[in-house]
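So here's one chain in two forms, each on its own in structure tokens, numbered structure 1 and structure 2.
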Structure 1
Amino acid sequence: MSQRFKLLEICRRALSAFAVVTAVVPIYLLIKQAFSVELDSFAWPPRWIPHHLTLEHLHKVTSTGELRESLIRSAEVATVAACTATLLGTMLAYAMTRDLRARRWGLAALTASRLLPMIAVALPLATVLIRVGLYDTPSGLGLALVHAAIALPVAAILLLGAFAKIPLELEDAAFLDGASQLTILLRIYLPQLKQALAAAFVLSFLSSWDEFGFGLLLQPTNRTLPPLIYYYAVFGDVGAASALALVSTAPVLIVLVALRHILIRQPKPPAF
């Protein structure tokens, strides 16, 4: 039996090491490409350790106004999309928790929305956004609304599980004690939903920040970061594309660090 446990432990460690390697190697290659000269980037056989380092690619992407505009636009679009998806997901999850029919129809609608291929809805969405004046705007508001719709199913389902853990008796008891709906929301639900709300916001933010297809189709000139990285790569400037991808990870890290204390905090029991 001990030999079996040792074998399982070896397999577990091997799988853990494989997972770490598959996660670290792409990051290392991205950093290497961002600081390597072109000769090292296209050398054959490939060089795992660059012979010459340069800041030219990083300086190139940070000195252009297009990067600053795309970075700000991506942050604005992702923040608006995440806030909208989290707010609407909270409302939808609360309704689905309290009503069986709403749960059935809500889950069916959320599942159906995820089954549609992007290209099937991209062109109709572009037509609608053109008519309402939200297509390819400098603010990216139309794209933010589309990203919010994409992130809404994930946020709603995540929050649905959080709402389901809160007993209905707490709300009924608060009503009997004369608490208003706002008091119940602030003193019963929010303290227990902080982790779920933070997780829904982070997932919605990341899905918008990394989204490429709708960003390419709905913002062809006022680009966000993923299409801008694509254009650098398509035109053969791999070093600049890698440097831009490296820069684009900073806001994601900032969001995760800012919300880390909420994501790891244990929920406290409600106080009346």
Structure 2
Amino acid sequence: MSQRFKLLEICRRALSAFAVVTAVVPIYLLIKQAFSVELDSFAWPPRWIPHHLTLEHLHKVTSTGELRESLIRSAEVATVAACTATLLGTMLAYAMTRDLRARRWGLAALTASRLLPMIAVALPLATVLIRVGLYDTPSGLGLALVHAAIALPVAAILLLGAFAKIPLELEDAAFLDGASQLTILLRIYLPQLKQALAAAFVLSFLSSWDEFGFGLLLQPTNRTLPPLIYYYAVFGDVGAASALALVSTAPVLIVLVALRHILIRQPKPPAF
């Protein structure tokens, strides 16, 4: 048997190596940089274990008002974006579930919209936002709507998968039982979509929370968190940037820990 599946073994090792290189090493380095003095970070040969630990960076970052402000703004933007994407995603997924033609064109539109270069869309979007007065506002509402549009395809496709698991006969049965379409959506579909809705919300929230490029372009002064980190890094304070980046991973880590069971228990591969 072991003879037979040698190639499989190689692939499995590649998988482990990938997990270590893309997730474990960067996270370790991030934590190390956030808590060690500057010299350590660029020492050659690289030191895996820092010699001098410090809380200086973290202290510096938390003591400025800029951080609090952009933390709150990022949270607001992500919440608005996630709510909008989940709501619209549910509507789109429902339309695509019942209507084969809507599904075809919907999936095509969603895929196509994901393929558009972000930078090419960002410029005209900035123009539009300036015109409607949503460019670089303190609340970040314009950015939130853009983030919602970015998150919508994933939310819609995720919800489409959940809708697809609900047999169409359930809707027919409820219709014959005398339910209106709104009742069907609220009392038949939604209770069965709880998990997918939560997943769509969480993914949309995180994608907005982590988004960098549009934030940089559309909120140049009223910054969200990722551009703020970028500015710290560009102005040479890598320690402070790292400390800030570490803070920004908090919601991701919370979600990963909270969802670890769902993430690991996923027997079927997606059919995409």
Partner chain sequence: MAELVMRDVSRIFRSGRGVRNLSLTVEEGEFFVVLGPSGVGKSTLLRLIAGLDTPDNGEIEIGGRSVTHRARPDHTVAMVFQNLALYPHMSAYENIAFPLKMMGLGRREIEERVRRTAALAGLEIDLNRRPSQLSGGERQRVALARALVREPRLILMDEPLSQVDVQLRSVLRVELKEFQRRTRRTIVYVTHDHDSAFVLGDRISVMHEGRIAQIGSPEEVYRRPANLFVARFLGHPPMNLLRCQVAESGRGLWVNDVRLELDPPDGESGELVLGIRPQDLSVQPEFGAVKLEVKVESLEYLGARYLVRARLGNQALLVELPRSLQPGQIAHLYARADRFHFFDATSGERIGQTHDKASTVTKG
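The term rigid core refers to the most C-alpha atoms you can superpose between the two forms while keeping them within 1.5 Å. Every residue number counts along structure 1's sequence, beginning with 1. As the structure is a prediction and not an experimental result, all values here were calculated from the model.
Exercise. Only one of the two shown forms is the form predicted together with the partner chain, so please name it by number.
Key: Answer is structure 2, the other one does not fit.
Practice problem: Look at the Cα of V21 between structure 1 and structure 2 with the rigid core superposed and state its shift in Å. | Solution: Between its two positions, the C-alpha of V21 lies 6.0 Å apart after core fitting.
Quiz prompt | between structure 1 and structure 2, how far the Cα of P251 shifts once the core is aligned, in Å | solution = Core-aligned C-alpha shift comes out at 3.0 Å.
Quiz prompt | Rigid core superposed, the C-alpha shift at I10 between structure 1 and structure 2 in Å | solution = Superposing on the rigid core gives a C-alpha shift of 9.0 Å for I10.
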